[in-house]
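Below you'll find only one chain, the form predicted alone, shown as structure tokens.
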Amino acid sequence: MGGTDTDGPLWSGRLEGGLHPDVLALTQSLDVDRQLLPYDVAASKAHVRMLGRQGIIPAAEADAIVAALDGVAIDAGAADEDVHSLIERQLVAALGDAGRRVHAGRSRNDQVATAFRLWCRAHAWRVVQRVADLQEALLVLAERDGDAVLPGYTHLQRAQPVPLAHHLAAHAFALQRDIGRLRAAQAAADVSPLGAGALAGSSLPLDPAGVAADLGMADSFANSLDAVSDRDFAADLAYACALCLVHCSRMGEELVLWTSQELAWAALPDDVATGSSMMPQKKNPDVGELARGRAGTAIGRLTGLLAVLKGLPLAYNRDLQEDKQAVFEQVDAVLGVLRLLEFAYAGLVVDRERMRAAAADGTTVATDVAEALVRDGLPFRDAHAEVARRIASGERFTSPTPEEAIAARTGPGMPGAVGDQLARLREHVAESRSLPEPAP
């Protein structure tokens, strides 16, 4: 398993004989948790620096271990049980007995929890930046074609006219809520478990608060049992990504509808559309369809993670090995879909005439006609009944126009005040852009 004189798992001192190959294959996680390597190395450096400061190991050996950690990498043919075992194996190979000192006061339980938290913290930030990229694409489109008029819908039936900018801003505000959830997930991950050990800490004079500060984390654990068993932060990130993908799915569904021949309100750029292997005329909105599909899978990952966590007794259980793949895949999925939708909206070509024709069918301003009767003194229910009767008899209204109906709605958040909404969204995007990238 590696280049040490013990040549066995970190826990092999308790058990005689080698592990059955099928059991080893089931328990190995290096192929998955290799993503944790830079974060595990950073946490190991902080732990070793603390061991040196506290006099638990000689300062010179601490310095040598920290330097050697810079050279740790996943070597060809590595067959270690996990990334933590790989790190220790390579340290022992490089430093001999000094490399064995790295694990003093530490368990793989608090080690993996720390590395995973650092990964989640960093990747929550990355998803925030990608969400802001999509918001930016929506804002650019809103500023370019935002005065185009289309019918808003309820029940997929034409309802009232709105400017395109108002419609796009609705998606951007939903994405802003996603950013709030992602930032909350980042904050939840920003607590160091190092020092909690396997579950009950260590009798060595550790300094968990100092390690947390060294890692740039906001706090250290409050309870050692909770520190090694808590995966709320992972569920938070998986949930934030799943709901973001649900919002992306809704946007994807609209792209499918808007670019269909039945509506033909917009056309996708060629470089984000696909064709058919059999039908030469096809231009398919696969980007929108994949957004829908991956949202469904994301919901499954979140449900699976919650199912893993629901029955675990305190503290650490090997079931938690299943947490990382679900979250890694969740983050990869949302990053990919966000980028595809960004490309789609950046190159979307809007057919303003077809949009307006749908909004100007003579029925979408029916509420405005009824409200004009209310201003003349008629009770709204009577006005509603009168306009409904006129619509049913075939009348279509030419006044007010869709543009006049929009201009009459200027209260906060309404379609006639969309400029204020876009300004707020610009501030939100700027704030997201200014968030510092977490170390390491």
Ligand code: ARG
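Model, not experiment: these values are computed from the prediction. Start at 1 with the first residue shown and count on from there.
Keep in mind that the form predicted together with ligand ARG is missing from the display, and what follows is about it.
*Asks:* Since exactly one of 160, 249, 109, 220 fits, which has a heavy atom within 4.5 Å of ligand ARG in the predicted complex?
*Replies:* Exactly one listed residue reaches within 4.5 Å, namely 109.
*Asks:* Using a 4.5 Å heavy atom cut-off, which residue among 229, 364, 176, 321 comes into contact with ligand ARG in the predicted complex?
*Replies:* By the 4.5 Å heavy-atom cutoff, the listed residue in contact is 321.
*Asks:* Consider residue 258 of the chain shown here, and say whether it contacts ligand ARG in the predicted complex, taking contact as heavy atoms within 4.5 Å.
*Replies:* No.
*Asks:* Can you check whether residue 84 is within 4.5 Å of ligand ARG in the predicted complex, heavy atom basis?
*Replies:* Yes, residue 84 lies within 4.5 Å of ligand ARG in the predicted complex.
*Asks:* Going by a heavy atom distance of 4.5 Å, is residue 125 a contact of ligand ARG in the predicted complex?
*Replies:* Contact with ligand ARG, no.
*Asks:* So, residue 343 and ligand ARG: in the predicted complex, are they within 4.5 Å at any heavy atom pair?
*Replies:* Contact with ligand ARG, no.
*Asks:* Among 67-75, 349-357, 311-319, 262-270, which stretch sits within 4.5 Å of ligand ARG in the predicted complex, heavy atoms only?
*Replies:* Single hit among the candidates: 311-319.
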